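Only one chain is shown below, in structure tokens, and it's the form predicted alone.
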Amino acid sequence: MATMLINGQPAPAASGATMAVRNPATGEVVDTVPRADREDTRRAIDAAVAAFPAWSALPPHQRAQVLLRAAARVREHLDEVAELLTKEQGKPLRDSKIEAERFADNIEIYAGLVAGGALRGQQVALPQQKAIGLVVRRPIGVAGAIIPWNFPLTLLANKIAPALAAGNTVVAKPASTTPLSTLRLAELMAEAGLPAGTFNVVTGPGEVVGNEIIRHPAVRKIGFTGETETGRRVMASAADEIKRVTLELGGSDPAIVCDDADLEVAARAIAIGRFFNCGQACLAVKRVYVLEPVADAFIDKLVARAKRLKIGNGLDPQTQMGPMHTEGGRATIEAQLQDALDRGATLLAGGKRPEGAAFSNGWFFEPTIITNVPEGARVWTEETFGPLLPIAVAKDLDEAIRRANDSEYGLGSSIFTRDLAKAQRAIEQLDAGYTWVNAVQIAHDELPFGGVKHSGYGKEHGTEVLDYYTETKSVVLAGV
């Protein structure tokens, strides 16, 4: 049985309760983990509180050295961590290794930033004679990180890398279905010399462990990634203690394909953007608006790509798309698809569970593309968190932008065009925190990332994220 990490030590739940972690490709139990309660969570928070003074007092370059050693230790075990991630999450092994590498990348990036002076403050001229004003930055204290199941390592790194580099300590709660790779990473970082209590991992139900992290007064910052409705509750609960929050929530990202686009580039990028991780990504392309003159040619190219994707167990090196993560997630996608078909949509690819013994015990669903979908259908108004893509034909760019913005979400967006003026219009007019032009939908660590409207609050990535893990303090320094 895997154990939690509290104060640098393996920790079972005090009650002895456990939870099973299952492989979504086979239904088999991979391992069990502790089912923590509020008291277990408080032990982890207490450990983080106790570790904060010493960790925050280290000069930034010394914290960076510790974090770089931790990242190096992770890199020595990438294959092991990737296999755990595939078994618990379902994604292809190749993609799991990329995600484990990105975890190490993120730790190294923020270690380098703080070692290079990214936490610097300011000096301000004051009208008072013989006095200067200073703005200094200080770590907040204990940060809580609540992580979803779709990219558990990447989204963990997005929170703990800047938090630890800035001098905070962390209590993390991974999703109950994907805790194993996170627990192993925490062990590796501890083995590399990360001080006890600096990074704690607690496993258990969100309504117990997550709520305690959110409500405990000693936790001063919450980083949360998950569904928009849950994010609303996190924000409301955190308000009771006036905590800082960053929320990365749902998305229904549109992609626009103009009549002058390179259709091969567009089809490749959108196929990756929709079907990577079985479509289970906040930043996945979830709606496409293609201009009428190129609609048939583009749709043919995209459908051909969807039909070529090899579905299977993520541990098979030939697999390009694994199963959906849960039975409930697949049921939701099937219901959204049926709603569109009932309204008159046309099915062009997929639309069903693959047949055969290899798929009988997992949550598999074929890459699915539909067209002629009426505007009121669920696939336009809801987030489609799976391999289902509706395509609409637009008469011009004005209509495409209007329909792209007709959503409560505003996380990512894309446009494919050779015309810089059209790209500029999309950059200025699309209601989203991110716009890709002729590019695959990858969130780069170097750029700030966060949504607008109901897709979130605050920023991750970039140097901007450090603003959410530090407090600024004003100082007047007068002569004596």
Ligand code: NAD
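Numbers follow the displayed sequence, beginning with 1. Model, not experiment: these values are computed from the prediction.
Beyond the structure shown, there is the form predicted together with ligand NAD, which is absent from this document and is the topic of what follows.
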Contact residue in the model of the complex, chosen from 340, 155, 285, 71 - any heavy atom within 4.5 Å of ligand NAD: 155
Listed residue (302, 104, 214, 111) with a non-hydrogen atom within 4.5 angstroms of ligand NAD in the model of the complex: 214
Site check 46, 59 and 199: each within 4.5 Å of ligand NAD in the model of the complex by heavy atom: no
Partner proximity in the model of the complex: residue 230 to ligand NAD, non-hydrogen atom cutoff 4.5 Å: yes
Touches ligand NAD in the model of the complex: residue 147 (any heavy atom, 4.5 Å): yes
Contact label in the model of the complex: residue 274 to ligand NAD, heavy atom within 4.5 Å: no
is_contact(residue 415, ligand NAD) in the model of the complex, heavy atom dist at most 4.5 Å: no
Interface stretch in the model of the complex with ligand NAD - options 395-403, 290-298, 231-239, 130-138, non-hydrogen atom within 4.5 Å: 231-239
Interface residues of 189-216 toward ligand NAD, as seen in the model of the complex [heavy atoms, 4.5 Å]: 206, 207, 210, 211, 214
